[in-house]
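Take a look at this one chain, the form predicted on its own, written out in structure tokens.
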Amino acid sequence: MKYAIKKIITMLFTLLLISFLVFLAFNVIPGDPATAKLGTQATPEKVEALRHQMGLDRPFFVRYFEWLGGAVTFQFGTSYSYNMSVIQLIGSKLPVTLMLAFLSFIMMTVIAIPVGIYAAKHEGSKIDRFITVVNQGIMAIPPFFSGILITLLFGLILRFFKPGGYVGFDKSFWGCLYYLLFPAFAIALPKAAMTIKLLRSSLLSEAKKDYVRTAYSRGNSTTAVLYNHVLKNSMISVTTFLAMTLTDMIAGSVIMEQVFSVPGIGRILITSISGRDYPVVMAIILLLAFLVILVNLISDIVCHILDPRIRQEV
């Protein structure tokens, strides 16, 4: 319990620091939201009046603490561009991004865990060497380029889906799920390759330890030792890596939405940055930071429960 409380307090301080840095960054970078909103109709008088209306002429710390107080209750103000509540705007798009990240994580896990175990179990075989070569090739491909390749192969050549033909949840849940499978695969593929490499290395490293030889001396089969001893101890480091991978997938979903024309928070983020819609941008960044920290918090607590050595160190 003490460990969890210490982690939660650390999480809150981290979020507080991130919120300050985000608010500071969007107050020092070039560009004025009032000027961007007025566009060609901007005059010094109109810009000054709009800045006063938007509260941009008030002191920095007054605006920061007001924004922070609203953020605590998920009240991020009103979007400059969309003229609607920021939380309402993000809430309408966030489920798509989270679904994409979740599908990517499931795909990655389903591919990586069995292949990583098989490669470690058959170390040095032709299949193991083939897996290693394929892994290296996949890890060398940037995620956005793998998205383009998947669009070309499955969209334009095989016609399994129509590029840009996203179907919303409100129209067809299964149609939406089917379309998201392709960007999810593009996100999962390089992460699966990295997970396979890590799991294989972790299993082989554990297999060389003394307790494994002791397990063999007691008459256990290779399969029994692998699944009952080696895999269990290897999953501590793998769990931490999977948590980091899940956070990467959330960020990767934001990027991949641009390639597959998925209307998630990624498209809103790009539009809001170009339009100086800072309330939306700051809310999205803070939300993504919260998700990343939350996933890592859960991972740390799980590892703390699974590994007695961590409990002894605390």
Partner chain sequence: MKKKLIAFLTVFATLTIALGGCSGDKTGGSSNDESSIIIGIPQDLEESLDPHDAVAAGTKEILFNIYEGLVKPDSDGNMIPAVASSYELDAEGKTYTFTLRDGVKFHDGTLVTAEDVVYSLSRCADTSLGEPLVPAFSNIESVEKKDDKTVAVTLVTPDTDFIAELTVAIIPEHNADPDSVSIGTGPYKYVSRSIQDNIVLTRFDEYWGTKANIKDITLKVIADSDMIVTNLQSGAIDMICRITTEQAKQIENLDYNVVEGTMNLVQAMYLNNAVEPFNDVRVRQALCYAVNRQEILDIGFDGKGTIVGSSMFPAFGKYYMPELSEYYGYDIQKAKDLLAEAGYPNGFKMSITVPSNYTQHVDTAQIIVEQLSKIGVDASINLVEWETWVSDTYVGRNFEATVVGVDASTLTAPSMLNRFVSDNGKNFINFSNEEYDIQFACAKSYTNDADKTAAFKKCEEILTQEAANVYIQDMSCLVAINNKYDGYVFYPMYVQDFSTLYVK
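Residue numbers count along the first chain shown, from 1. Keep in mind that this is a model prediction, so the values were computed, not measured.
From this point on, the text means the form predicted together with the partner chain, which you will not see here.
Shown alone, this chain has one stretch from 130-138, 200-208, 67-75, 226-234 that lies within 4.5 Å of the partner chain in the model of the complex by heavy atoms: 226-234. Within 4.5 Å of some heavy atom of the partner chain in the model of the complex lies at least one heavy atom of residue 93. In the model of the complex, the partner chain lies farther than 4.5 Å from every heavy atom of residue 27. Looking at residue 59, you'd find every heavy atom of it more than 4.5 angstroms from the partner chain in the model of the complex. Among residues of the shown chain, residue 181 is one whose heavy atoms approach the partner chain to within 4.5 Å in the model of the complex. Contacts to the partner chain in the model of the complex (heavy atom within 4.5 Å) from stretch 78-110: 80, 81, 82, 83, 84, 89, 93, 103, 106, 110.
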